[in-house]
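Below sits a lone chain in structure tokens, taken as the form predicted alone.
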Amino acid sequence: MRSTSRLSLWLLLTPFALWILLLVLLPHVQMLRVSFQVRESWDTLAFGVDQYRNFFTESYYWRTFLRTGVMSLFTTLITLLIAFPVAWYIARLARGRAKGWLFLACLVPFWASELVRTYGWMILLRESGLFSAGLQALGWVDGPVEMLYNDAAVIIGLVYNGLLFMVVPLVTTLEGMDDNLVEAGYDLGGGHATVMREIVVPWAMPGIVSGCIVVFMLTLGSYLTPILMGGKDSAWFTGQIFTQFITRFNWEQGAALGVLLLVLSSLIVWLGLKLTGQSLRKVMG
């Protein structure tokens, strides 16, 4: 009986294991191998660390990564500030069908691809878009205003694309909170800010950290939104990786930048977990 259960378990896990092996582990191992290759001529490869040395010696690379990391952290913070009240309302205040409709409102934009969502924002923010026309109608500006191709536009697009991934873990965490905890906080003389800071936020911390990790990683690895809404001069690290692979056909340097993006972003996530006193096992589950 036990052997039959084990066999059934292995059969169930096999598709997932193959998926991880073929589409996650092997490509990353191959990318790591390519990143240590040095092209001595068009048909001769040798082992070396020249690509990694380029990242640290050429300031354009690491400055772009730092800029991308800072903007990703800023985007994650803004997403959290927007998502937390929404998640609180859905989890604690909405009742019956209202909760389902609010969840649906968060989900509907993701029925379209990231490309469609990004172009939607570009239509709104362009010089002849709705926002520019609204400002002119209110008399706040004298002529058309171009709101695209800057950091603010990039952050708007990234926040919009990451909102659902912040709301869902927050709602899941907040739904499990006992109402008596909040009531006890008020009974003991705590105000709204005190109850939120001392009771709600600590309780929701696993959801906060989980949502921040997902949004940060998605933002750091985003390509379409920074390139389309930031313009050709947008300095985003994934744009450099794309340039090395596709434009310059320098797969060795592109692979090294890809490995560095994975390693450095993982270190940032690990540091965030340490600073918040959370563990990956607790956050995920």
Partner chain sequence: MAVDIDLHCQNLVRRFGSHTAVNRVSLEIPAGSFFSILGPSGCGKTTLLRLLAGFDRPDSGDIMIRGRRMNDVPPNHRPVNMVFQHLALFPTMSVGDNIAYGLKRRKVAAAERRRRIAEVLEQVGLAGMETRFPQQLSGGQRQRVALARCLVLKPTLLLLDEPLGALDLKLRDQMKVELKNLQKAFGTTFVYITHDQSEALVMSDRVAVMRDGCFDQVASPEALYREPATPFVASFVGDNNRFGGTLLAKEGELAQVALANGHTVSGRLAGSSQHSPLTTGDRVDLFIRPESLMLGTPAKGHCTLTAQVRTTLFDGANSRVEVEAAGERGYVRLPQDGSVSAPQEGSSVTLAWDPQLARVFASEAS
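Numbering follows the first chain given and starts at 1. Keep in mind the model is a prediction, meaning the values are calculated, not measured.
Another form exists, predicted together with its partner chain; not displayed. Remarks below refer to it.
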Handout entry: 4.5 Å heavy atom contact, residue 202 and its partner chain in the predicted bound form
Key = yes
Practice task
Mark residue 191 yes when one of its heavy atoms lies within 4.5 Å of a heavy atom of its partner chain in the predicted bound form, and no otherwise.
Solution key: yes
Handout entry: Contact flag, residue 175 vs its partner chain in the predicted bound form, heavy atom cut 4.5 Å
Key = no
Problem - Residue contact check: residue 180 to its partner chain in the predicted bound form, 4.5 Å heavy atom - result: yes
Handout entry: its partner chain in the predicted bound form: contacting segment from 164 to 172, 96 to 104, 192 to 200, 148 to 156, heavy atom within 4.5 Å
Key = 192 to 200
